[in-house]
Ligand code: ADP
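Take a look at this single chain, the form predicted alone, given in structure tokens.
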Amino acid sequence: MENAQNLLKKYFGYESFRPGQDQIISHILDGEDCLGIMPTGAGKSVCYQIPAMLLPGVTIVISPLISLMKDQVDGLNEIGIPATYINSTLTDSEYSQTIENILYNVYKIIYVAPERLNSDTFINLLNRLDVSMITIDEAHCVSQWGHDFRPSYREIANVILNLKKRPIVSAFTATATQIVKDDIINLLHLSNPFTLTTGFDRKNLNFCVEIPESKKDFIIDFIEKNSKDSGIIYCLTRKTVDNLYEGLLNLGYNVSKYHGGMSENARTKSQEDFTYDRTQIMVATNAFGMGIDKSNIRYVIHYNMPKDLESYYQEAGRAGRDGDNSKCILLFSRADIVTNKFLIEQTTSDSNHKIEYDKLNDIIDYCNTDKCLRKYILEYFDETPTFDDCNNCSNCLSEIETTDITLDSKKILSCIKRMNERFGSGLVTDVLKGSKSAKIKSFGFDNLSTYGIMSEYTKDTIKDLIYFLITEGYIKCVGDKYPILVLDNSANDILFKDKQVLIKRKIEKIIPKNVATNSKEELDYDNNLFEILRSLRKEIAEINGIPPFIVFTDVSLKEMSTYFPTNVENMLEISGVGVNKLEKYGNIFIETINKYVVENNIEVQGRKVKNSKDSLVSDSISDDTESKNAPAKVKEDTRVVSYNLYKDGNSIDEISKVRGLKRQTIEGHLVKCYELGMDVDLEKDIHVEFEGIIFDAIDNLGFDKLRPLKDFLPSDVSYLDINYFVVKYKKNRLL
């Protein structure tokens, strides 16, 4: 595993594996089949990408979405891992060139769509290659009980059987109930696989269920408060997507839409605009997003309740793939229950839809529970949480207030009865609201005693109360295309026996700071620098034709804006910065940070979390007395004072005398300023002829400590010479 650890740092820029990654990688390298069930953002890709680099042949990755392939391949090539894809987007010439490169062993990882497996030509190609591993991504698609069943996934097992040599087979998915897990193992013919289910808990995600009076108003208010963030808004129907998209677009928001009723070109453009940060908001049906690799999605809002918890957790999990704190909000309306039931009835079923209704009831319970939402989700996936309250979901952050709605319930039930139980919720709502429409007058409903009896409420509020009574069983919806409202016998208990009807609502509560929360700690980063680096990232991405998150993730930028890495060693300590990315982008980011540090008079004193490597400037010539692991802070920068005096023409000895500091201290200040990229011409103060000697000494002894170098060199070499050439050596070698 030492080689795997080295590759993790070199290519991906991480110091250690996430939970479960090292176990799966180890078993794959031992030649075993593996099944990894790991939530979105847990790093499933690394589990097969690192073994692919260490195994002798090529790895074939079966992936269901073309957009995912492109993002994955772009990301791999960006960090120096040779990869390609084969799908319908390739032109004839591109396809021919790709096949030629494959036969010449140019790539280590090849992504293919499952439909490609039906081709005899492709099977023949695989048999000409040394296929070390076949990886099945989104493996739940093989099961009809999974939420994205793909019939083409059933062909994968036959393809593997038809290969001359059976490769290692690894399969990955984000969520899987026991029946889906069994299907994956059996239908893919996994051979005695090592199976690992990592914890489903995503500490960086804040889960929230809201019942707003107006969903659109809620959305607009949320977007206004999070205008710089990328997010997805999921809707249950294409019509809702179109209406919400048009509404947000007319208000001037930077928005895209995606659903199955759009042309392929329109869907591709929408997804690319969102992925490349040309738009901030994606309004979509569940047709969008499976396998989306965009890491900086800060929120996922469900405008409507999905049909089951598996779908919800998969879709909500697209937020915060980079590990940064993100929000998952479900806007619950009891009308969504009726819509989902209608959609269930439109499909064929051998079990009278029992499984679908059971799953629907589970997510309805999730929306109605007053217990911890995170705990509910984890227990649904057969985990045993170690907490009762996570203090990081809307239930734990709210007090539950019970409201008596008996009187309102009587008004609604009485209105339905007086309308002879022949009309739907829309007309009932209009009567209760007191609408002056011609239709109401034509039926004479404006003369009913219930006409306008709830005029003080919004239509959305009245409808929500109606659907609450439906879900509680007091009202039944009869009919498919145009359902009407009919009273259940239990409604008589409310109308004539004064049965109390209670509804639960949430009010926000304050969690004391000393109370433990099940959330990821937020970095105290410099937001101004973060925005500068984010703009720089977007410019670089546009020049290179790649999504911004492939350059660096938000987490990487926030760490840079916390620890101010002003040299190569410190930049390599930033999460997500590997050798390849350092070579491509490190210099420009370091220069930008250095400029910001100088302009804002920030003294950089190293990291406060990880142990920094030794400073380029020796402790023996530095007047810093504070901890090297303290956070960066703003104060008068003594080095800049020395730098300004030097730029004014004062010699090092003169500056030493004026400032009352040792000559070695002033030398240290000036070398540090040179390292930071400031205009310091020290060549008049150093022995240029010692450059080669010092470089040879560094080659033999390294450059982490100055004392051994001093002892190794001629006696007339000063610490100024050594410091200057150490910095120059590093710049030449690493940049």
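Predicted model only: the values in this text are computed from it and were never measured. All residue numbers refer to positions in the sequence shown, first residue = 1.
What comes next is about the form predicted together with the ligand, which does not appear here.
The candidate stretches are 660-668, 486-494, 384-392, 320-328, and the one lying within 4.5 Å of the ligand in the predicted complex by heavy atoms is 320-328. With respect to the ligand in the predicted complex, the three residues L8, Q21 and G41 uniformly fall within 4.5 angstroms at the level of their nearest heavy atom. Put simply, L55 is far from the ligand in the predicted complex: not one heavy atom of it is within 4.5 Å. In the predicted complex, at least one heavy atom of F17 sits within 4.5 Å of a heavy atom of the ligand. Contact check for S45: a heavy atom falls within 4.5 Å of the ligand in the predicted complex. Within 4.5 Å of some heavy atom of the ligand in the predicted complex lies at least one heavy atom of T553.
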